[in-house]
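Quick heads-up: it's one chain on its own, the form predicted on its own, in C-alpha cells.
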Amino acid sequence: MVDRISDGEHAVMDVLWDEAPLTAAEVAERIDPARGWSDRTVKTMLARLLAKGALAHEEDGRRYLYRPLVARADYAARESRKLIDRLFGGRAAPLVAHLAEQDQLSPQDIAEIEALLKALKP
C-alpha cells in the first residue's frame, strides 16, 4: 500500500483521480492557481508520488504520462480507518458523536446517516 501522501501530493492525486493519464504540464494546468505552484513544483510532487508507488508513468514521445496506481476510494478508506483507529479507538460511533457535538453535521448529513443505519438493520 502507498505511504501517506502530503496535502500537496494529495492535490496532485486529486487532479489525476479526476482525469488520467496526464502529462506534468497538464497536471500543472489543473492545480488550483491559488497554490502558486510552478511546473517544477508539480514535477517534484509527481516524482515523490512515483517514489511512493502512488503513481505510474509511461513515455509518450519526449514526455511522460502519469496515472494513479491507487484508487481514490481505496486511499480514502485506508486513511479513514487510520484516523478512526488513532483518534477514536477504532470505533465510528465516537467520531459521529464528536462531529455532532461540534455542530459539523448538516441536516442532509444526518438524513444520510439515518438512511445508512436503517439500511444496515436486519
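Since the structure is predicted, the reported quantities are computational estimates derived from the model, not experimental observations. The first residue of the shown sequence is 1; numbering continues from there.
Keep in mind that the form predicted in complex with a further copy of the same chain is missing from the display, and what follows is about it.
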| query | finding |
| --- | --- |
| In the predicted bound form, residue 5 touching a further copy of the same chain (heavy atom, 4.5 Å) | yes |
| Exercise: residue 20 in contact with a further copy of the same chain in the predicted bound form, heavy atom 4.5 Å | no |
| Heavy atom of residue 91 within 4.5 Å of a further copy of the same chain in the predicted bound form | yes |
| Residue contact check: residue 95 to a further copy of the same chain in the predicted bound form, 4.5 Å heavy atom | yes |
| Whether 77, 102 and 113 all lie within 4.5 angstroms of a further copy of the same chain in the predicted bound form by heavy atom | yes |
